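Coming up is one lone chain in structure tokens, specifically the form predicted alone.
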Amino acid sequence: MIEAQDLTLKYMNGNGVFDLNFKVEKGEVVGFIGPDNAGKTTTVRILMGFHRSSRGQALINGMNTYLKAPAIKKSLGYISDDPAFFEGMRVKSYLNFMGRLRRLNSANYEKRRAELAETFSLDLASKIDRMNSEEKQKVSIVSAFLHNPDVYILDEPFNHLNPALQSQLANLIIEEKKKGKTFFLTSQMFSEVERVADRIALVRSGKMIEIDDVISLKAKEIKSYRVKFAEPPNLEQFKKFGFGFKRINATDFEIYAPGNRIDALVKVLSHEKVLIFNSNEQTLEESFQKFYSRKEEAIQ
């Protein structure tokens, strides 16, 4: 559905994106994550057909995103990281305009508009230029989902939303994904990305450095486990199998193991009398920060 093939666009200042290769399948959500100036918005603008790549290409439904932009946008939902609206327009007038632009069936359009407006508590009578950032973001969301598109390109869609609205948007993305809709989104709201994304693409300085499913990314990291034993354990066994540990007292330990070696750790613990075993759950944001720290150290 969405594909980048050696996608490259270099700006005069040396920034841009370089040799990006990824594919988003039908019914999949891919989160595109990176620090500021990593190339996230540049990638989105190429996917939207706003910029033309200097080398390689981006495709949506097999069509070049720059050469076939008008045709692609008929079945595309888009949220900008910096949305702009017509001055003096009310929400209802703006959404009506977008509906006519997309040639939506009047009955279906009005039903969909009412449902989305209710979901996000959007006042259709409000003047957009008098709205705060959160209200404007709600207008962007409703507009993007209004025509029931097959593909969504969402640039920082959770921005400016309170936690309840972030959760509402995440629920909507999950429901649309169940219908076979495809999503490419950038975000720094890690908890929501972790909740909705099937795979995560990590980008830095315009280059793709990792793409994998959320579980695998988190499994690659060292995790810690709080363990309470009935009596002091045999520490030599932990050393033998390569598990690190920190002694809290004679019977309480914090044990460190890769997320994909939990089975080996359980076998070692089976020879001890364990009273309490708690995993210190690692978030996607923690994995992200550790991953970037390792990459930065490798560069230096």
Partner chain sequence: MSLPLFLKNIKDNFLFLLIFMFLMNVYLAVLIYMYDPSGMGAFNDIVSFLPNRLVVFLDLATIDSSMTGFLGGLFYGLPIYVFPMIYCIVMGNRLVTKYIYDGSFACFLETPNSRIKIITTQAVYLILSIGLLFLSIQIVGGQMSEMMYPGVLDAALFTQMNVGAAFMTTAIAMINFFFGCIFNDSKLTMFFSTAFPVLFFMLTFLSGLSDRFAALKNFSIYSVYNGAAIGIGQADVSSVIAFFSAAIVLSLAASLGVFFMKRLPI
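Residue numbers count along the first chain shown, from 1. Nothing here was measured: the structure is a model prediction, and the numbers come from that model.
The same protein has a further form, the form predicted together with its partner chain, not shown here; the description that follows concerns it.
Stretch-level contact analysis of 164 to 172, 182 to 190, 116 to 124, 88 to 96 against its partner chain in the model of the complex, using heavy atoms and a 4.5 Å limit, identifies 88 to 96. Against its partner chain in the model of the complex, the set 84, 101 and 143 is in full contact: each member has a heavy atom within 4.5 Å. For residue 48, a non-hydrogen atom is located within 4.5 Å of its partner chain in the model of the complex, even though that partner is not displayed.
Residue contact check for residue 225: none of its heavy atoms lie within 4.5 Å of its partner chain in the model of the complex. Not displayed here, its partner chain is approached by residue 52 to within 4.5 Å at the level of heavy atoms in the model of the complex. A residue is said to contact a partner when one of its heavy atoms sits within 4.5 Å of a partner heavy atom; residue 73 meets this definition for its partner chain in the model of the complex. Contacts between stretch 25 to 41 and its partner chain, counted in the model of the complex as any heavy atom lying within 4.5 Å, involve no residue at all.
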